[in-house]
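Just one chain is shown here, as structure tokens, and it is the form predicted alone.
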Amino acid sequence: MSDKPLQGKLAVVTGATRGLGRAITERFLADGAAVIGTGTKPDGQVPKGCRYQQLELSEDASVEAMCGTIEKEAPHILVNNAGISNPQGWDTLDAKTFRATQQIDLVAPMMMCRAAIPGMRNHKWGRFVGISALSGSYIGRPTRASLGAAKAGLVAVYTSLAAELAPDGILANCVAPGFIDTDVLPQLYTKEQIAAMAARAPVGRLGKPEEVAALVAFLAGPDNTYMTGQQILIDGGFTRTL
């Protein structure tokens, strides 16, 4: 194995300013890739060496501009990581919130995937990796109807990509992280809830962003030659031992 397995490859990573997206971007850069990373702010801070483009997934014009960049730059790798949870119980969930989540977590990623296909076909090589979720794909959870529906839809998009594009040398997979130690968790759960999650996983701790990034790097790299159309759990054994 080369110590720079992604040398000569261009990757696009959405949500590259923090959390999983930042860890994935850092791993890609370390593996030799050139990376275009996105964030919602005009001056988002991405890892050194990464090119930055502002992207607001809720705005059609911003998504179309990103699709234009993808069409022009023809990346070899697209990681749809950015998203939103929008937790709401059924007593407060409304159509506006539900549609907004689908736009950010499903429609915008689909559009960027479509924009990347011609370039990958031209390269005769490409890798799509989507960050899905336990909700909707594996387990039902209170207040996660919007997220679960969007992420289940994302998995369907990626399995369709896998089925249609494999003859062109293009592979598509999703990664479903469990409870990962990022700044998102404290926004959704109390300290006591987070501690309980960590204790419930058989490995006895939260996951690290770098561990998810390592899996994404494999799926996006040249060592993955046969895995496509899959959704891979990385949750410390949490889901399968519930």
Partner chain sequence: MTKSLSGKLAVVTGASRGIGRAIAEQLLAQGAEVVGTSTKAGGDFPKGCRHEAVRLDDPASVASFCRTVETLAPHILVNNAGVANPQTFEAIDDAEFRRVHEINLMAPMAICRAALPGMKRHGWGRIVNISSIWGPMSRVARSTYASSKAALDGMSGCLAAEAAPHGVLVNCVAPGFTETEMIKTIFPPDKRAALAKSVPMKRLAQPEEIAKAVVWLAGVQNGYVTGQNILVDGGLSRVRET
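Positions refer to the first chain, counted from 1. Remember, predicted model here, so these are calculated numbers, not experimental data.
Keep in mind that the form predicted together with the partner chain is missing from the display, and what follows is about it.
Peer 1: Ok, 29, 184, 194, 214: which has a heavy atom sitting within 4.5 Å of the partner chain in the predicted complex?
Peer 2: Going through each option in turn, the one that passes is 214.
Peer 1: Just to confirm, with a 4.5 Å cut-off on non-hydrogen atoms, which of 55, 46, 36, 180 contacts the partner chain in the predicted complex?
Peer 2: In short, 180.
Peer 1: Where does the partner chain sit in the predicted complex: which of 98-106, 159-167, 139-147, 74-82, heavy atoms within 4.5 Å?
Peer 2: Of the options given, it is 159-167.
Peer 1: Using heavy atoms and a 4.5 Å limit, would one call residue 203 a contact residue for the partner chain in the predicted complex?
Peer 2: Contact check for residue 203: yes, within 4.5 Å of the partner chain in the predicted complex.
Peer 1: Given that the partner is absent here, does residue 171 sit within 4.5 Å of the partner chain in the predicted complex, heavy atoms only?
Peer 2: The answer is yes: residue 171 has a heavy atom within 4.5 Å of the partner chain.
Peer 1: Wondering, does residue 17 line up within 4.5 Å of the partner chain in the predicted complex on heavy atoms?
Peer 2: Judged by the heavy-atom cut-off of 4.5 Å, residue 17 is well away from the partner chain in the predicted complex.
Peer 1: Going by a heavy atom distance of 4.5 Å, is residue 241 a contact of the partner chain in the predicted complex?
Peer 2: Result yes; residue 241 sits at the interface with the partner chain in the predicted complex.
Peer 1: Listed by sequence position, which residues of 213-242 have a non-hydrogen atom within 4.5 angstroms of the partner chain in the predicted complex?
Peer 2: Contacts from 213-242: 214, 215, 218, 223, 225, 226, 227, 228, 229, 230, 232, 233, 234, 235, 236, 237, 240, 241.
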